[in-house]
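Given as structure tokens, the chain that follows is alone and in the form predicted on its own.
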């Protein structure tokens, strides 16, 4: 009879409960995503879909390289533009937006509504998976990592996963001026384990401390003025000791100014506008509700209803570092394409020892 090795459980009950609590927390959708991702895409779905028809050559090449008969998952499929791209493969898709899934369903595609951090599929069912422009809508590092783990979980050993995210290093630098940096108001509501403001980039910044987060709202005008007044000098690149010498000057600054300086130096959280034409907004009552609740605003000059979408833009190497924490997958390719950071993962066979 074959010997069965049983690994002793060295974890305490408290540690197991903490892990379970952390897992549940990761799968619980933060309000900022519900409001500035889910509700927004539900409202703009038909217009968004009408603008999403071109296939990225790199994504198309990946899908076309898959063997005939491959089962492919598109997690965050949007309007389903990649579903069926390789006619020799079988595609299924999922998205958090019910209106976008209805658009796919009406085209006869195999789709369902699902959360990227809690995919409703069994382990190792697919040969490949793609996540195109999805992870940057997840608001904490833990949730972004969990989404990668889910993609790896559902593919077979030897299977491949393609992930693309918006890059902080945009080819068109002028775009950044059209995006709104995440305001102190939302930072205040959002500090916690795995949050951007609790990341090493900000946590290790000597200019920034959690005690500096204001408890009052700051208008967008004041935020903009504050950001524009921050000079870009070599101070941010000096060694911590040199930086500490200037802490006395920081005492004279308000907590808001300190926070704005930290955001300027480490900015990766943005609200990116979506302009929904008035004639499109009239199709659904969602925009009327969004305007009434303050989720959207009118731009009479452009004749649009403006929604803000939450984005965490990825810095160079960040996606690779996140994926490297997934134990049973290796990075087999990485590249920059159309202002996106992209990686291809391959799931390793499990060690049977």
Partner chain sequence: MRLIVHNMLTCNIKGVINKFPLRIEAEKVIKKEVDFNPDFLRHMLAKIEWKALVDGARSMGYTELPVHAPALESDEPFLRKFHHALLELNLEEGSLVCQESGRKFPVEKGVPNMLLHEDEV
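Quantities reported herein were computed from a predicted structural model and do not represent experimental measurements. Numbering follows the first chain given and starts at 1.
Absent from the display: the form predicted together with the partner chain. The rest refers to it.
S.K.: Which of 69, 285, 325, 303 has a heavy atom within 4.5 Å of the partner chain in the predicted complex?
M.R.: Looking at 69, 285, 325, 303 one by one, just 69 meets the 4.5 Å heavy-atom criterion.
S.K.: Only one of 118, 86, 170, 142 gets a heavy atom within 4.5 Å of the partner chain in the predicted complex. Which one?
M.R.: None of the other options qualify; the answer is 118.
S.K.: Does residue 321 reach the partner chain in the predicted complex, with heavy atoms at most 4.5 Å apart?
M.R.: No, residue 321 is distant from the partner.
S.K.: Looking at the partner-bound form in the predicted complex, is residue 149 within 4.5 Å of the partner chain by any heavy atom?
M.R.: Taking the distances in the predicted complex, the answer for residue 149 is no, it never comes within 4.5 Å of the partner chain.
S.K.: Is residue 25 one of the residues lying within 4.5 Å of the partner chain in the predicted complex, judged by heavy atom distances?
M.R.: Yes, residue 25 sits close enough to the partner chain in the predicted complex that at least one of its heavy atoms falls within 4.5 Å.
S.K.: Contact with the partner chain in the predicted complex for residue 96, defined as at least one heavy atom pair within 4.5 Å: yes or no?
M.R.: Because a heavy atom of residue 96 falls inside 4.5 Å of the partner chain in the predicted complex, the answer is yes.
S.K.: Would the partner chain be touched by all three of 279, 281 and 310 in the predicted complex, meaning a heavy atom each within 4.5 Å?
M.R.: Judged in the predicted complex, none of 279, 281 and 310 sits within 4.5 Å of the partner chain.
S.K.: Pick from 131-139, 173-181, 103-111, 158-166: which stretch has non-hydrogen atoms within 4.5 Å of the partner chain in the predicted complex?
M.R.: Careful reading of the contacts points to 103-111.
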